[in-house]
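Just one chain is shown here, as structure tokens, and it is the form predicted on its own.
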């Protein structure tokens, strides 16, 4: 039976590569003081219909369950997070700094960098309206990418503001109820022919040239200037550029928005996010009103960029080499010593060594080949010399006889 289009099998090597990205994400998030949370894979369809706008609703895996409820597999995390915070926000000290690394599902055309199921890092700060929170969010995003070996020459954070576009639209006579439609036009303005953008903007008495001129302005607004100053003070200013072409497609974004792209322009956006200050109020029918911001970063595009960036690929390969299946392999040269060998195996495992051994009798040569295939660094041979064992360093072929009771101490010295 064939795999469904847009979905993935994770064989051991693939799973290790995925785990590398997830572990790097978790390590950096915790370094910044974020704590991990999660939510359900299945949510009521109404959650996305109300909170995410029409674009995302058309990409859902949705169905009617056995209880006649219209449900959907989660395509993103922000609506779930907003629901959770609205339900129990009084239980937590503000600001909340939460992250998660869930699996998402979107029914859309699969292509390079876009699949129908993927893992995504989400970081959010809730309960802080200052520009310091925006800078903190962008800083952790930058360090997420630096954590996998990418540098300033490899990616750029494009910083923009929906507030700036709202002011532009209002000055042109636009009405607030038309803002989302206007944002959708702006979001596609650089990709669409000017005449198509002109036609879409005609109802607002605007032209493609007016929109493009504003889009290409590099002047930081009063909203964005302190964020840039904060990041510059951290030594991260070189990773960020003003780019008003970024507006973000989802309806709930309100102010500062940003996306991350590889500088080679070979990939889709690596990450994107911004402020969604009104979403919690909308979710709770006005009972909870807290400022909020966050971003999402998918594993598929990031994995592609790592493979295409020599320094990042070298770091991944080094990590994979350290994450071998076994660090120590116990070779049983005399089957009558299996009981003693099992005791050594258990002792090594309880001390934290990744240890494997032959489950059934096998020739010694085959056992050594298995040890090398597993990537083991050392073998411990148990045979005629018992109660001494022979510890071999596979890389150098050096062998040392050690008393069985001293194996742990010896391995500690070898580490």
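Residue numbers count along the first chain shown, from 1. All values derive from a computational prediction rather than experimental measurement.
This next part talks about the form predicted in complex with histidyl-adenosine monophosphate (HAM), which is not shown.
Notebook entry, point to check: Within 4.5 Å of histidyl-adenosine monophosphate (HAM) in the predicted bound form, heavy atoms considered, which of 308, 223, 179, 108?
Noted result: Filtering the options by heavy-atom distance leaves 108.
Notebook entry, point to check: So which of 80, 197, 131, 120 gets a non-hydrogen atom within 4.5 Å of histidyl-adenosine monophosphate (HAM) in the predicted bound form?
Noted result: Residue within 4.5 Å of the partner: 120.
Check: For the chain seen here without its partner, which of 199-207, 160-168, 331-339, 100-108 has a heavy atom within 4.5 Å of histidyl-adenosine monophosphate (HAM) in the predicted bound form?
Finding: Among the listed stretches, the partner-contacting one is 100-108.
Next item on the list: Flag this candidate site as yes only if 149, 239 and 262 all have a heavy atom within 4.5 Å of histidyl-adenosine monophosphate (HAM) in the predicted bound form; otherwise mark no.
Entry: No, none of the three is in contact.
Check: Though only this chain appears here, would residue 76 touch histidyl-adenosine monophosphate (HAM) in the predicted bound form if you measure heavy atom gaps against 4.5 Å?
Finding: Judged by the heavy-atom cut-off of 4.5 Å, residue 76 is in contact with histidyl-adenosine monophosphate (HAM) in the predicted bound form.
Item checked: Contact test in the predicted bound form: residue 244 vs histidyl-adenosine monophosphate (HAM), heavy atoms, 4.5 Å -> No, no contact at 4.5 Å.
Next item on the list: Indicate whether histidyl-adenosine monophosphate (HAM) has at least one heavy atom within 4.5 Å of a heavy atom of residue 252 in the predicted bound form.
Entry: The answer is yes: residue 252 has a heavy atom within 4.5 Å of histidyl-adenosine monophosphate (HAM).
Check: Any of the heavy atoms of residue 127 lying within 4.5 Å of histidyl-adenosine monophosphate (HAM) in the predicted bound form?
Finding: No, residue 127 is distant from the partner.
Notebook entry, point to check: Mind listing which residues of 261-286 have a heavy atom within 4.5 Å of histidyl-adenosine monophosphate (HAM) in the predicted bound form?
Noted result: Contacts from 261-286: 269, 270, 271, 272, 273, 274, 276.
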